[in-house]
Ligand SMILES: NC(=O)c1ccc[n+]([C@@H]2O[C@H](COP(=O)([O-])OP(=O)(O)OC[C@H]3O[C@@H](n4cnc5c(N)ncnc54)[C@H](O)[C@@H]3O)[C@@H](O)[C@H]2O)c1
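Shown here is one chain on its own, the form predicted on its own, set out as structure tokens.
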Amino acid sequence: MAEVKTQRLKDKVAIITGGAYGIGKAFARRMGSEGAALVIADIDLDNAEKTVEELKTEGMNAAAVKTDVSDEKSTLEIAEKTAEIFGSIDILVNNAAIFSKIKVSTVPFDELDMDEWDRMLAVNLKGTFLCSRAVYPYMKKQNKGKIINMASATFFEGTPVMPHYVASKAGIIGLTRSLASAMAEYNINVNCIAPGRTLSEDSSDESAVKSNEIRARTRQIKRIEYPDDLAGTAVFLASEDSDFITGQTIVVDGGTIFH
């Protein structure tokens, strides 16, 4: 990662759900390097705490909180604890999702287990809604805030496998637009990032690397996508540079999808 010479998020407080691994961890490191205080909200508290220790050794201010984004009480607690620890909530990154850490079925749609469908929607879509609603009173009170949701380029492709995953990410794009309208009165920007297939440290076995190499051939920029490729967009959407942008979905996939 290139040396960061700006402090675009100085004195800001960011909650990053699913921040213990992969894309969420990359977002945390980049936002911390831009001056933000960080709350790593993850259902895996042990690894969230390990990530926090790493960030602290790099001079960043961070705390770990166990969070189940599909549980309303848990999302309210993360907002309350963040405000108690750091005094405000300026940025929420809704990154927690079922995908790489939990195996997702790729069976034909008519063979998909309905319990898996329900769990996918509960974490990916409902979780995004619950976390956004939990931080809303804090952002409303300060008349400012940035919410960044994570969709997927699979929505634009209409990928035939993983219909529950694709549906959850499609719902996030719709939710982003709805919340952007609902929260605009209080200067809260709600936007969305749609990554392409991304190779992170928690999905870097030989088969994953090969799959990502195949995917890279379909892009205009013909290389594997990594979490750091998304971090700059997240910082932009979290910073004052994007104050006049809301309700938008930015595809970051090296040019497979033109949107």
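Quick note: we count residues from 1 along the sequence shown, nothing fancier. This one's a predicted model, so the numbers in the text were calculated from it and none came from an experiment.
Omitted here: the form predicted in complex with this ligand. The next part is about that form.
Under a 4.5 angstroms non-hydrogen atom cutoff, this ligand in the predicted bound form has residue 68 among its neighbouring residues. Not displayed here, this ligand is approached by residue 99 to within 4.5 Å at the level of heavy atoms in the predicted bound form. Taking the partner from the other structure, this ligand in the predicted bound form has no heavy atom within 4.5 Å of any heavy atom of residue 136.
Looking at residue 224, you'd find every heavy atom of it more than 4.5 angstroms from this ligand in the predicted bound form.
Contact annotation: this ligand lies within 4.5 Å of heavy atoms from the stretch 116 to 124 in the predicted bound form, the single such stretch among 138 to 146, 116 to 124, 183 to 191, 81 to 89. Heavy atoms of every residue among 21, 42 and 150 are located within 4.5 Å of this ligand in the predicted bound form.
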